[in-house]
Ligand SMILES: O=C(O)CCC(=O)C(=O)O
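Next up: a single chain in structure tokens, the form predicted alone.
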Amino acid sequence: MIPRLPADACADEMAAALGDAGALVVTDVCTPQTRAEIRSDLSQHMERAPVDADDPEAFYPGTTRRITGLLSRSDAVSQSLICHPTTLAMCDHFLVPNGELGYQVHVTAALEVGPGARAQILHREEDSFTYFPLPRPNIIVASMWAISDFRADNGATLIVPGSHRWDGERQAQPHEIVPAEMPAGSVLFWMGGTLHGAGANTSGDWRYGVILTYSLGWVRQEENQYLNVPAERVAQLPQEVRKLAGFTMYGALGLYDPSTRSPR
């Protein structure tokens, strides 16, 4: 099962649960006001997002709206979610031991799974890093913020608890796949090695979530923040967010000439 803890649980208890199961739901961490602000910030972008017919062979199911670049599109995301203390505590615990100089934002995306959407192919956030054999060292910590209720029938994220410890030969069986049901305002954390995917939406409503993932500071980010976040927007972000998004150097990595582009 997926463990569940309240927002006021201690960080060590959360980390222990996440490390053991490979996933964790934390409830009551995002206020109704923040969720409303996120919807407002992103409404025009989501309305313009295409809702394609489904291709059964495609990685992303159809009947779903997706947008990225949330640091440039939502003050609520950049001010309330990106640097949330619970998230940073999980990243500190699992990522800093493999990247002592810190970690970075890996992906930002908003997702609305519509009625009739099929289940997504199970995958791992760390599948891009094939250099490491399974089970891989901790490279990514992922989170999904529930802007609406996540239910088994409306496409709640599917999780395979314990799969972050599996080798490449083991395949998930149907009874091992669990929907991460949670009320709006909750956040689901999972390890980068945990098998997961969006669930099928057999209901009549849209399931809305914001995914924010974090990776070791010395790997290539999946989302190219340097193209998705314009320089003028970078200048508006708090220093903590700029650093987390990768707009500072990691040791000797990320060298740039301030005279050509400076996030002042």
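Quick note: we count residues from 1 along the sequence shown, nothing fancier. Just so it is clear, the structure is predicted and the values come from calculations on it, not from any experiment.
What comes next is about the form predicted together with the ligand, which is not displayed.
Chemist: When you measure heavy atoms, are 111, 125 and 157 every one within 4.5 angstroms of the ligand in the model of the complex?
Modeler: All three within 4.5 Å in the model of the complex.
Chemist: Using heavy atoms and a 4.5 Å limit, would one call residue 30 a contact residue for the ligand in the model of the complex?
Modeler: Outside the cut-off, so no.
Chemist: Do residue 212 and the ligand come within 4.5 Å of each other in the model of the complex, heavy atoms counted?
Modeler: Flag for residue 212 set to no.
Chemist: Quick one: does residue 198 come within 4.5 Å of the ligand in the model of the complex, counting heavy atoms only?
Modeler: Contact with the ligand, yes.
Chemist: With a 4.5 Å heavy atom cut-off, would you call residue 35 a contact of the ligand in the model of the complex?
Modeler: Result no; residue 35 lies far from the ligand in the model of the complex.
Chemist: Among the candidate residues 86, 148, 72, 120, which is the single one with a non-hydrogen atom no more than 4.5 Å from the ligand in the model of the complex?
Modeler: For this set of options, the contacting one is 120.
Chemist: Exactly one of 105, 144, 77, 95 has a non-hydrogen atom within 4.5 Å of the ligand in the model of the complex; which residue is it?
Modeler: When the ligand is considered in the model of the complex, the option within 4.5 Å is 144.
Chemist: For the interface check, one of 57 to 65, 232 to 240, 22 to 30, 37 to 45 should have non-hydrogen atoms within 4.5 Å of the ligand in the model of the complex; which one?
Modeler: Stretch 57 to 65 is the one.
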